[in-house]
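Shown here is one chain on its own, the form predicted alone, set out as structure tokens.
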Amino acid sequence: MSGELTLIATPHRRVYPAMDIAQQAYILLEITPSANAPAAQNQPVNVCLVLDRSGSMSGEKLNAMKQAARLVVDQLGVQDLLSVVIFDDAQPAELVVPGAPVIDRQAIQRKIEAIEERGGTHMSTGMRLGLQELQRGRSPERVSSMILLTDGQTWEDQQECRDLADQCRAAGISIQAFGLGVGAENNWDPRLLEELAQRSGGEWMPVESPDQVSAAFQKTLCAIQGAVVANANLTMRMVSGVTPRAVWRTAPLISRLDHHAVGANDIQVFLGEIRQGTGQALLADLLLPPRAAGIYRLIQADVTYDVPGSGLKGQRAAIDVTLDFVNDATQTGQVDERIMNLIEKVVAHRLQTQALDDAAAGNVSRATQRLRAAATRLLELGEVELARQADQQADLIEKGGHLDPAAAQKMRYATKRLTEIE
């Protein structure tokens, strides 16, 4: 089958001014399942649970994690592959359930129930073993994804974790990362989890309390099973002189996406799964070269993807992006209000995220300045509570030089949801 995806490209201006200098432009690329897409219910999946069993997970956290894992088992069947890896500070990590079809649920659940806490946190060992299991079961017929849960700071292996996330992306495997608990006693690194998700084409989120783990796992698994296409890659082929500044995902949530040069004028972005109902929307921030009046094709965007359940691999959808340049300045003031609203939300998220990074690095002045700027943007967007939180943390930094740990973990995710459709 072909034609599973529909692509629509919308520039932020109806027409652009003809100029002899470069100018900025935003292009919104909306990627949605078409009428030809297969039904996206219970797609075959290849899932690995990579779970933190360090000493800080004892008690309620460990019980909640095991319950969530058992519920995942209940949602899978013989068409699915499941593996379960647990990690602490020992090497190698432990393979509790090797990747295999979910046939004997009770046997798998007994193995999960036997998990006990011990040691510290060395996340890369779990990620490495999880990736190995996922690679063994990877095929175009299944959606492959790693579900990663931790409550602590991984020590001395952050770069290894990043490298493994890159390997996941190369293999078409997304990482869905969860930080359990908030505050000083739950010192997982939101910046690292965000980076692992971004590099792999997945998502991340804080799970504030143990009683929310099951719901988070179930929602994530349902989203993976609802993928219309998997292993999706966007390539933007640009004419000479067009410079990509950044690519942001704006739906389902806001995320800055890594883009990689794949030619003199081409970039590629890994998108992972595209799901029924939400699809994906991308906002490309570009610098356009000087242009005289006229209509020009400046970009071709194409998405390659696999279709789970059918075995189809390397399918393609493409669209040409043409822009109209005019000499009449009275025509160039009209902007697309929907795109401008998305830009404002992306800027608010970027400012707040940069402020959190500045605060973590001890740059009090810059963190305060950016938090105040983010608060202003959020207030203009009608996000009164988020604006209040940003101002409150700016005050706290000015007084004490540091953020509240729980706020730092939650705020990075909160502005990701500015574009979320409930």
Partner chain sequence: MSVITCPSCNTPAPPGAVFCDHCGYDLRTVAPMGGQQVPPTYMIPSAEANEIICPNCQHANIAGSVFCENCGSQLAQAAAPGPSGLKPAVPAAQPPAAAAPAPAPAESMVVGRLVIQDSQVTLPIPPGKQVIIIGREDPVSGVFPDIDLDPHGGHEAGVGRRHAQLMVKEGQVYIEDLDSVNGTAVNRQRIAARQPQPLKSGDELRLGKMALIYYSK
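These numbers were taken from a predicted model, which means no experiment stands behind them. Positions refer to the first chain, counted from 1.
The next section is about a form of this same protein that is not shown, the form predicted in complex with the partner chain.
- Figure note: of the listed segments 355-363, 49-57, 24-32, 66-74, the one touching the partner chain in the predicted complex, with heavy atoms no more than 4.5 Å away, is 24-32.
- This chain lacks the partner; the member of R245, R191, R118, R110 within 4.5 angstroms of the partner chain in the predicted complex by a non-hydrogen atom is R245.
- Interface residue among V335, A90, V262, A215, judged by heavy atoms within 4.5 Å of the partner chain in the predicted complex: V335.
- In the predicted complex, at least one heavy atom of R377 sits within 4.5 Å of a heavy atom of the partner chain.
- The partner chain in the predicted complex is not approached by I103, whose heavy atoms all lie more than 4.5 angstroms from it.
- Residue contact check for G401: none of its heavy atoms lie within 4.5 Å of the partner chain in the predicted complex.
- Heavy atoms of Q159 never reach within 4.5 Å of the partner chain in the predicted complex, leaving it off the interface.
- In sequence order, H12, R13, P17, A18, M19, D20, I21, A22, Q23, Q24 are the residues of 5-25 having a heavy atom within 4.5 Å of the partner chain in the predicted complex; the partner itself is omitted from this view.
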